[in-house]
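First comes one chain, alone, set out as structure tokens in the form predicted alone.
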Amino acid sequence: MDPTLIATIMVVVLLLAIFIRMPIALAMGVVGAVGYSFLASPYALMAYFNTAWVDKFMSYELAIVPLFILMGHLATRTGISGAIFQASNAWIGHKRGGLAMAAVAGCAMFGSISGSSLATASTMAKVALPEMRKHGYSGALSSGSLAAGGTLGILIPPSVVLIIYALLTEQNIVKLFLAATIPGILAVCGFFIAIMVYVRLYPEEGPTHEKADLATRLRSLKDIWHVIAIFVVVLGGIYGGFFTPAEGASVGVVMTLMVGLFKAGLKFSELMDCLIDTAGSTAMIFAIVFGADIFNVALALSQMPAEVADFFRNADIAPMTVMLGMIVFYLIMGCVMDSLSMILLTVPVFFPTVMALDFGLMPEQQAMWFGIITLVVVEMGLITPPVGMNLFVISAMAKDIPTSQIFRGTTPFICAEFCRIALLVSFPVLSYWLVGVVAG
């Protein structure tokens, strides 16, 4: 059978398995293994299994993932989220829609030490949602701002998904973290603007409340100094070349643990819960990574990614048209698939295609630009109905808010995301300018 036909059947079967809700790791692993057997032989598959486990999971760079996950779990248990939200609330909460803006700002700060969107959304919802409801905020604005703010967890460095993209495409993790900084700031600004427009149209949904005095504001900053210290030391140390990303993640874990022990009174049982949760999350991610590796190795054997890249390189199609087609594909798939699975499934095919096209950029710049756009579009899938994961996280925590209201509440933020995607596509320099400044 023709290798390209086998690869096409593999992709179709995989998508069908995903649509019937088969676990993504199992779906990719089984389909990839069967495809590998047809493309090579069952004996070659067994030989691959003999070494693949060790080759994949002894990767030094992959050790970053559980470390940042543990850092996020420790931050969740130590009450950092509450202090972050209270500080944001003290400075901007009194404005119309200010509590929603404070929730977004809190998500951005918490995301800088978490790296997970779901953890950011669920943790911030625990402290911000009751406060917003108490001050008369509508269910739509409350839930929408928290669901959208949670997406910042995978874009604001450190980002677990960005680390996986770097490993898949063999890019520099530090440079990708830098590249994500400006798009992350644009996301926060875009969400702020979305909230301001929303409360101007519906002022009763985001009422004002009493302004905090200066002493309260300054005191709130004193309560989050450790968050700022962790952010500066970890990312500053990585960007400054004082330690590698893995070493930076280790330092972040130790600093967060110290905060938990000496400031929040972290108990031994809570520490064990953090370790168990980290092990569970890491096992799930590594299972997906290994399943994707089998699938992608099979695709590589079929030469399908190279043939797709050659087709678009030789076709009379404008490169930007190809990029827009990929963005549309991601937007559609984001409605039915989680972010990590989408990255692992599509990047091995899309990345060679993008790198084969001429966008007038240096190869490294083009790789960073595509990575950031991919991350932003995938991030958007977290708040896109019907299966946006952040929507379900908020829905589970806000049982008094109808799902229809949560969907409505995300509409202005989805519009803001479309604007950000348009900016990043139109001005690629936004994705790599900071890298050039710091590296230069």
Partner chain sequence: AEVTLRLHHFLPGVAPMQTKFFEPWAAELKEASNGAIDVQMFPSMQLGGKPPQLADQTRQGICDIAWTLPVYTPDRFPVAETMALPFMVTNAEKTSVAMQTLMDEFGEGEYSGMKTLAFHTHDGGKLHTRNAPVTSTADLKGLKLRAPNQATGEMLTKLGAEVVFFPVTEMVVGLSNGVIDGCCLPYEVVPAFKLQELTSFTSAPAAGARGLYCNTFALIMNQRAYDGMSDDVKKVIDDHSGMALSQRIGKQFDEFEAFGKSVVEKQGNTIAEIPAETIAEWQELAMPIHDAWVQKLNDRGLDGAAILARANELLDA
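Positions refer to the first chain, counted from 1. Bear in mind that the values here come from a model prediction, so they are computed numbers and not experimental data.
There is also a form predicted in complex with its partner chain; it is not shown, and the following applies to it.
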| task | May I ask whether Ala47, Phe243 and Leu301 all come within 4.5 angstroms of its partner chain in the predicted complex, judged by heavy atoms? | result | yes
| query | Which one of these stretches, 210 to 218, 97 to 105, 131 to 139, 301 to 309, sits within 4.5 Å of its partner chain in the predicted complex when only heavy atoms are counted? | reply | 301 to 309
| Do Asp55 and its partner chain come within 4.5 Å of each other in the predicted complex, heavy atoms counted? | yes
| query | Could you tell me if Ser404 has a non-hydrogen atom within 4.5 Å of its partner chain in the predicted complex? | reply | no
| Cys415 within 4.5 Å of its partner chain in the predicted complex, heavy atoms | no
| Is the gap between Ile372 and its partner chain in the predicted complex 4.5 Å or less for some heavy atom pair? | no
| message | Can you pick out, from Phe192, Phe231, Trp91, Tyr239, the residue that has a heavy atom within 4.5 Å of its partner chain in the predicted complex? | response | Tyr239
| remark: in the predicted complex, the residue from Ile163, Leu345, Val354, Val174 with a non-hydrogen atom within 4.5 Å of its partner chain is Val174
